[in-house]
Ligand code: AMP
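Just the one chain here, laid out as structure tokens, in the form predicted on its own.
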């Protein structure tokens, strides 16, 4: 396994590689990340994992400084998975003129001002800006993301299409704990009681899917019932969206996707489910 920190080192590594499958991460790797790495290993060419906590996607009152950083453990997991190269860029390697002076990508309101974008208005601009730079610098032919961040996945697919970047964005299914909680690096923030409460979110989504099959398809009714099924959580949003466009639906149907965000204590959980 090769470890790169600079663009020059990355260039040397990829010079003779025809295809590169990139797994962009912010570190604190868990089994969900490892499933993306395993998918990358199935592709031709070489697997590349980036570890970079991107300041541009954090708001002023968010957890950039507290975000878990577990580099030694991350490198061991990458080595165990047979990753060909781990890329740990410095901030100046991604933003040469500094984060505040970086020209960024602006995501259209139709995609960014719904779901997570309502409470995190600059998040997707920051995500697209860093992913664009990672793709350009790595010259990846494929980039692999998890479906837990479903809105992010759809936006990134549109970004590479609109900007004509020659890369395939591939989504992988959500990896869950045994009780259904979607794996996330931030789950480690949860206390034992909060961890128990957090698992009710996925169970409530499953209940909503079952009720849809029984004819309950009005999103306002589904939203009210889900909140009742998760009394320990504070609902940020529950929406039904078109699977391809993120268009909000008032009446749900098979093939749409339920997307949810809720607070468990001070930790924000997100999840989604195809219905």
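Since this is a predicted model, take the numbers as computed values, not measurements. Numbering follows the first chain given and starts at 1.
What comes next is about the form predicted in complex with the ligand, which does not appear here.
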query: Quick one: is residue 173 in contact with the ligand in the model of the complex, heavy atoms, 4.5 Å cut-off?
result: yes
message: How about residue 219 - does it come within 4.5 Å of the ligand in the model of the complex, if we only consider non-hydrogen atoms?
response: no
query: Does any heavy atom of residue 81 come within 4.5 Å of a heavy atom of the ligand in the model of the complex?
result: no
Any non-hydrogen atom of residue 30 within 4.5 angstroms of the ligand in the model of the complex: yes
query: Would 194, 197 and 234 all count as contacting the ligand in the model of the complex, using a 4.5 Å heavy atom cut-off?
result: no
message: Looking at 110 to 118, 85 to 93, 174 to 182, 197 to 205, which stretch has residues with any non-hydrogen atom within 4.5 Å of the ligand in the model of the complex?
response: 174 to 182
- prompt: So which of 148, 77, 133, 158 reaches within 4.5 angstroms of the ligand in the model of the complex, heavy atom to heavy atom?
  reply: 148
message: With the partner left out here, which residues of 21 to 50 have a non-hydrogen atom within 4.5 Å of the ligand in the model of the complex?
response: 24, 25, 26, 27, 30, 32, 33, 35, 36
